[in-house]
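What follows is a single chain, given as structure tokens, in the form predicted alone.
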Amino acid sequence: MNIVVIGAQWGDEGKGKIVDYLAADSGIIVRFSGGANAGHTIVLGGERYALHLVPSGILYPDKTVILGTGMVIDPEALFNELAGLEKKGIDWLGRVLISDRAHIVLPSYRRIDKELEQKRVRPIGTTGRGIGVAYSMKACRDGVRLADLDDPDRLVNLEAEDRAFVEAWKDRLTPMSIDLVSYLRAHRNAYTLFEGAQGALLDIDTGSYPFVSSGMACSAGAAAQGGIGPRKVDRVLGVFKAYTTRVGNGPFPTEFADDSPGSLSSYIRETGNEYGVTTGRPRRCGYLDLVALRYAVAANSIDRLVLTHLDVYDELEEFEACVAYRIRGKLVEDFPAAIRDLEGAEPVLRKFKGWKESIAACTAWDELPRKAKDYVAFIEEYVETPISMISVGSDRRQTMVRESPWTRS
């Protein structure tokens, strides 16, 4: 059985925790897109693990994790991450594999990335790690894949610095290289998780372009870049928070106007620890955007949702969620493509009463306060998609399952 897990907002929804939780029942975890700009946090027994390139199932000693074809991999960042895991007692050797069709991020890409961002009149907010340049080189057919590391004809056009970089890392990368399609065909009876990076609204095609990632953050990326093909996807889970956040530049219709100390924005950021795992940048915060969520569900064939950070609202008397936009005086209920429309969108908000009690210890749906259930039910009705899992804290154990994703429909 193959399950795809993607973010249903602008990233940072808690995908890492959910993949880690579901990995207990899987054998293989494939991260199909993105690079070291992604950040997935897992909390286990009070220990915090920050993952950037390594798939989230790595903490289980009996799981195989694979960096997929759609990823762009900085070897230096990868092996630093693996060394950090090893220091925390995680034995990864032989369990971390890489698609031989995945591309390598070269030193010159990082330099070009930063130069391009500095030249932009309107910066995108890139992390400067060479991710976008790696994808550009891939599209221009000038990229370097793992399969190319021993091919002098593929490396002939590289700068001296980049050739030296490839030479320095190829002996460590080559033993980890696999034909992903062949590997998954041989393990077709395994329970396999496909982990996305960033979020659906940052997808290069269906996101808020040009303020998007350069890779495929959509569910289709699992089929195109995960080695299985579209007809082998059994279920798509979309992870979203009880509110919305965004990192970097770009439109954000429900963003709180007041970000001063003591404001609701500041409260949510501190309570939800809304700081980038990779960059440490504070995330922009706002109410849940149901218009955007419904769009993400439709564009990605999401058939089950996973709600995270519901506990962040524990102390609030009331809060709101966006149910439509008002754009140039017109009521709009669909997520627009034009950036100027999104930037000028005034959210139409609906109020909800807070439950004013901690839900961090809740382990089952029946234990949630009625007002929390009402909020969940409204979301389900609005987006016409069931919420099968709810996270009420950062620890793996603070997860309630209303319906197991591994149950076939």
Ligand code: GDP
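Predicted model only: the values in this text are computed from it and were never measured. Residue indices: 1-based, along the sequence shown.
Omitted from view is the form predicted together with the ligand, to which the following refers.
A.B. asks: Counting non-hydrogen atoms within 4.5 angstroms of the ligand in the predicted complex, say which of 353, 48, 356, 373 makes the cut.
C.D. replies: Checked against the cut-off, the match is 48.
A.B. asks: Please check if residue 394 has a heavy atom lying within 4.5 Å of any heavy atom of the ligand in the predicted complex.
C.D. replies: So residue 394 counts as contacting the ligand.
A.B. asks: Is residue 283 close to the ligand in the predicted complex, meaning a heavy atom pair under 4.5 Å apart or at it?
C.D. replies: Residue 283: yes, in contact with the ligand in the predicted complex.
A.B. asks: Evaluate residue 311 for contact with the ligand in the predicted complex, applying a 4.5 angstroms cut-off between non-hydrogen atoms, and reply yes or no.
C.D. replies: Flag for residue 311 set to yes.
A.B. asks: Within a 4.5 Å heavy atom cut-off, is residue 116 in contact with the ligand in the predicted complex?
C.D. replies: Looking in the predicted complex, residue contacts with the ligand do not include residue 116, since no heavy atom lies within 4.5 Å.
A.B. asks: Which single stretch, out of 302 to 310, 253 to 261, 97 to 105, 139 to 147, brings residue heavy atoms within 4.5 Å of the ligand in the predicted complex?
C.D. replies: Residues of 302 to 310 come within 4.5 Å of the partner.
A.B. asks: Output the sequence-ordered list of residues from 36 to 62 with at least one heavy atom within 4.5 Å of the ligand in the predicted complex.
C.D. replies: Contacts from 36 to 62: 39, 40, 41, 43, 48.
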